[in-house]
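Only one chain is shown below, in structure tokens, and it's the form predicted on its own.
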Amino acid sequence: MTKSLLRVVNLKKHFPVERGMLSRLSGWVKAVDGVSFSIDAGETLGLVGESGCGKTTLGRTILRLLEPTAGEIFFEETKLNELSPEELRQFRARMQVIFQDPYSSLNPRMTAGSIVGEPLAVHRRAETKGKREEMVGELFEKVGLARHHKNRYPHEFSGGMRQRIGIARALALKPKFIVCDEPVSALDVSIQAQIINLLQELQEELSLAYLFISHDLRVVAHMSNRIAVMYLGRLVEVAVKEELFQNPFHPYTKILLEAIPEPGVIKKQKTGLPGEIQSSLNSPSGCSFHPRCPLAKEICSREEEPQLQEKEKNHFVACHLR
């Protein structure tokens, strides 16, 4: 059995809530609350869920851009939690991120070439400035930009071109794993398709592994090998893409799938998902989804929270009713 490239074990990220003039601790926001999964080399795991469920926090905690409250993160069997700041700095070359907003993730005072070349300079990947300039030019061409674009500033590019710059920056240090944090949600639909195709081409060429975060199941279905569904800081279902779409187990997953619009098809009016996702500060007892679940029973509101269990081969679900 091959070892996973990335393995996350019972990962938690809780934020303290302080109130009053003395900033007294009044509770904890459990943004990520006991998440476990693995990603193999060259695989894409799609992570879906409503806004506020903890997807972005999970991605940033894996990269240790946020320090985990508890749990373990293994990359190539190295435990990231135990690395010193200097060791982590060197290790980060293998783990990169593509941010959601191409308008705010690029320094407006730096040229595109300087932005892409900065990781090469920091990690001393080029012997001379000329060599670094050549590497930057190659990265621009790899993501579909012309070499002369490196002298322009971010405000001179369209949204799609800015995201290509962000992708080039992520590729600069030749990583093996990239967190794609909603990389196309801020782009026009036609541009989204171009960026998704680019990411797939790069994955095939460079054997990249992705954690692809999105709230759009159509995009995730196009990109992913497996899909993990997240609700209020926890994974409620994980399965191979085809299995999840054809045979969803969790009521939340079923509702998300029913909400996907189909071109040219007018769906019957559905009740949909009542209310909004609850605050992670005051999670309900038992299953966190039960206040909104149309199938909820008495057992769902009890103190015991359902755990993610394998109900069929490679199909995991956290639900008392399965």
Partner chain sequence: MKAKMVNSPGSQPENLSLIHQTRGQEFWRTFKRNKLALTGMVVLGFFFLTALTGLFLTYGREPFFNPRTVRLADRLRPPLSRPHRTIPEENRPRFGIYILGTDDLGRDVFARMLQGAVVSLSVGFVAVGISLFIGMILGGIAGYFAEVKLLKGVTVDDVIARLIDIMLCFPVFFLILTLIAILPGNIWMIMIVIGITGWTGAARFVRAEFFTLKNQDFVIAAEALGIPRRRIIFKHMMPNALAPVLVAAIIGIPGAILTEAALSFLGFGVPPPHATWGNILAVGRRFIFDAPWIIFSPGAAILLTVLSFNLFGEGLREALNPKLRIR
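Residue numbers count along the first chain shown, from 1. Note that the structure is a prediction, hence the values are computed from the model and not measured.
The form predicted together with its partner chain is left out here; the points below concern that form.
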- Item | Heavy atom of Ser214 within 4.5 Å of its partner chain in the predicted complex | no
- Message: Is Phe74 part of the interface with its partner chain in the predicted complex - any heavy atom within 4.5 Å?
- Response: no
- Item | Residue contact check: Arg152 to its partner chain in the predicted complex, 4.5 Å heavy atom | yes
- Query: So in the predicted complex, does any heavy atom of Arg234 sit within 4.5 Å of its partner chain?
  - Reply: no
- Item | its partner chain in the predicted complex reached by all of Arg302, Glu312 and Ala318, non-hydrogen atom within 4.5 Å | no
- Ok, Glu138, Glu82, Glu205, Glu87: which has a heavy atom sitting within 4.5 Å of its partner chain in the predicted complex? Glu205
- Query: Even though the chain is shown alone, can you say which residues of 44-66 have a heavy atom within 4.5 Å of its partner chain in the predicted complex?
  - Reply: Arg60, Leu65
